[in-house]
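Form predicted alone, single chain, as C-alpha cells, below.
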C-alpha cells in the first residue's frame, strides 16, 4: 500500500480546491479527537481519503507521535469529499485512527525513515500562505511535559535539530525546521497541540496559567466564563499561545504592550538544564530573553498571562485623509484603547479604526453609535462593477457570494503586478470603505482583529515614534512606493503598541513610556499557478529590499515572524549588523549556549542571526 498523502500546510489543499484556512484548526480538532482516541485505545480502520495537492507539494503523514509511537497512514479507499470540511474530517479521523492503532505496535523513538526510505520531498510542511516549506524526517506530538523532556534529552544527546512549531501561520515559517543546507542532519519537529489546557485561573489577580499548545481563540472563549480576557490579540486568533508569545506578536493600542510582555511567569524545557521556571524573580535574565525567545531558548510548555476584565468596545470606522488625521493623531493614541490605520496606496484615503472602551453601565443605542448604514450589496457595488468589467461580463457563478476580501483577491488575480490595474483595485477598495463607515459595539475579543484576506507575502517593521514621526514615515513610504512603481496592494496596515520589557521584542525599550509604531506592507498571492506566484514573490523581494533601505533611518526592525533573510551574503551581513545594533544578540547567544549548547532548538532564522 502506498502512503496517503496529506498536505499539512495551514491551507490543506483539497481535491475540490476549497481551502481549510487554518492549520491551527487542524491541530485543534486533531488534538481533541486524538486525546479521546488514545484514552479509549480503539483500533480504527487504517483508511483515509487520498487528497490531491498542487503538483510536487505533498506531505506524507509518516510521523512520530510520542510516547514511543510510530505513525503511518496507509492509503485507503475513501472517496474525494464534496466539501472542504467533510474532506478535512476524513483526514483528521484517519490521522487519529492511525495514531490510535499504532499504540503498542511501535517502540522506541525511531526515525520514521527506518520504516520506509523516502526522499525529503515526500515530507513537506508548508505555512499558511504556502510561501515556506520544510522537510523534517520526524514529527512528534507529545502528550506531557515529561515526554517533551525525554525528546529533548534524546536529540540533545544526538546533537540533532528538534524544532517546536506552533500553528504554522508565521509568514516566514519561523516555527519550521528541516534538513539543513549542505548538511546530512536528521532534523525533526514537534507540536504541543495536545498540551492545550488551562492549568489555573486566578480571578483576584486576573491571571491565567495555560499550556502553550492551546489556540488563542479557544483561550479567549474559555476566559469569558471567568469574566476575563486577554489585554490584546493579533489580527487573527489561530495561533498557539506559545507561538504568539515567542514570535513577539502584538495587537494595537499605544498603552498595551506586545503579548510577550504580558507573560508573568513561564515554564520552559531546555536541552541542557531540563525544566525551568522563569519570572521576574526566578531566573530573571533568561526570563527577559525567553519571553520573546524565538523558540530557541527552550520549549515553552506553560505561561501565566496577565489578563484584564472582560469589557465592551465601541469601534468606529471612518475614511480620512492624512491632512485630517495629523492634527488629531497624538490625541487619538491616548484617547482610544485601540487604534489602527489602513492606508490605501495610490489614493488619498486612510481607513481609521478607533476603539473606545465602554463602561459597564454605559448606555448603548444606535443614536450614540450609529451602525454601518449600507447593505453588503451596496458596499460591494464598486468592486463588483470592476470585476464584471474586467471579466467582460462573464463572472464566476458564485461571485455574488464572495466576501470583500475574496473579491479583492479575485480582482488582483487578473493582473497582480500591473501598477495601473492595482490602482483600480485599490480605488474600488476605497469606495467599499467609504460605504462601510459606522460603529459596532461588542465584547473586545469580538472586535479586535480583522479579516487579513487570502494568502500573502507581508513584511512588518516596528520603530519608536515621537511627535508625528509615524505619520511622516507613512507619507514618505507611500511616495517611495509610487516613485519606484511598486504595485502595492492594500492595505498598508499601521498599528501601535507600548514598549516591551522583553529583550528580544521588536518593541523593546528601557523607557517605559516609549510608543512603537508597526507598519506592514503586503502583496497578495491570489493564485495557485506556480509561475504567477513566483513572479509575485520575486517582485515582493524587491519591495522588501526597498523597505529595508527605507526603514533604516527610522531605527526600525522587522517583526520576527516576517523577517526574510536575503540570499545575498552582503545583504545578510547588513541585516545581522542592524539586528546586533538593535538587540542584545551577544547576550542572547550566551543564554542559548547555556540552555541549548548544541543549538538543537534553533532553525536557520535564528542560526543566521547568531552567525
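In this text, all values refer to a predicted model and were calculated from it rather than measured experimentally. Residue numbers count along the first chain shown, from 1.
Heads up, the form predicted together with a small molecule isn't pictured, but that's what we're talking about next.
If you check the small molecule in the model of the complex, you find a heavy atom from every one of 192, 250 and 299 within 4.5 Å. Interface residue among 142, 506, 166, 136, judged by heavy atoms within 4.5 Å of the small molecule in the model of the complex: 166. Checking 170, 232, 490, 502 against the small molecule in the model of the complex, a heavy atom within 4.5 Å turns up for just one residue: 170.
Heavy atoms within 4.5 Å of the small molecule in the model of the complex are found in exactly one of 464 to 472, 299 to 307, 416 to 424, 375 to 383, that being 299 to 307. Shown alone here, residue 444 lies farther than 4.5 Å from the small molecule in the model of the complex, counting heavy atoms only. The small molecule is not drawn, but in the model of the complex it has no heavy atom within 4.5 Å of residue 344. Residue 517 falls outside the set of residues with a heavy atom inside 4.5 Å of the small molecule in the model of the complex. Taking the partner from elsewhere, residue 548 is found to have every heavy atom lying beyond 4.5 Å of the small molecule in the model of the complex.
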